[in-house]
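Below, in structure tokens: the form predicted alone, a single chain.
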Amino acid sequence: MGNDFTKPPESLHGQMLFREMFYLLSRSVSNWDQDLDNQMCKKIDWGDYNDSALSAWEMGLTGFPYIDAMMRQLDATGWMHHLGRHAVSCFLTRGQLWQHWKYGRDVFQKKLLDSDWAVNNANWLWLSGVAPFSMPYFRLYNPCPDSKSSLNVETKTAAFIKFWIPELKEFPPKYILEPHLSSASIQQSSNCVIGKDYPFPMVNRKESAKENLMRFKDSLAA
């Protein structure tokens, strides 16, 4: 009888090495969970705490279906795919909302079943762009990804989004990632009027991304 077991992903060893690195750093770097007096954290002038923006993000009511589906899954199950974690953290921080990474860190710490203090802080340092091991700060995840995105979003049926956002369950997959761009007739036939049954996007994703990249660059130059 043949061996039908699949091999572990090639990235598994790399992910384990990252975990061990995060453990070592969390024990050797002072104030690992802060941005003040933390040598591994760039000093960025984040925006003031915005309760309404943070609440919309946490509750999955941003008006960006991919982001909202991920956050609703987290709330219901205590888990989120790692690429989803990349997208929602970028959205909250340097991408669209310009909120301090620690606010997202705290939500993940509270809700994730696999939450780990060292790794959770490291991932938020990394994905907000403030750590030496971060990707370049100007590489942003599109909160409305298409099928070619590195986020590996399934767009043919959009079953994941429809499951977690039942308001959009009758929407054509073609429009489901940006439903506000669909016509009034499509919204009516889908029984979901944007602005009434599901929110408009809370920000203009392209304008906010442009503004935040400038803010990040200015903070680095200060």
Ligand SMILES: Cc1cc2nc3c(=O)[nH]c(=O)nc-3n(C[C@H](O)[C@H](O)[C@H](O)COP(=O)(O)OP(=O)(O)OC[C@H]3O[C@@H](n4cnc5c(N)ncnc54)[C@H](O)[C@@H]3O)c2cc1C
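What you are looking at is a predicted structure, and each value in this text was computed from that prediction instead of being measured. Residue indices: 1-based, along the sequence shown.
Below, we refer to the form predicted in complex with this ligand, which is not included among the displayed structures.
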*Do N204 and this ligand come within 4.5 Å of each other in the model of the complex, heavy atoms counted?*
no
_Residue-level question: is S134 within 4.5 Å of this ligand in the model of the complex, judged on heavy atoms?_
no
*Contact flag, Q73 vs this ligand in the model of the complex, heavy atom cut 4.5 Å*: no
*asked:* Whether R85 contacts this ligand in the model of the complex should be assessed with a 4.5 Å heavy atom distance threshold; does it?
replied: yes
*Interface residue in the model of the complex among V119, V107, L151, C144, criterion: non-hydrogen atom within 4.5 angstroms of this ligand*: V119
_Check for me whether this ligand, as it appears in the model of the complex, comes within 4.5 angstroms of all of N50, S208 and F216 - heavy atoms only._
no
_in the model of the complex: members of 108-128 within 4.5 Å of this ligand, any heavy atom_ = F108, L112, D114, S115, D116, V119, N120, N123, W124, W126, L127
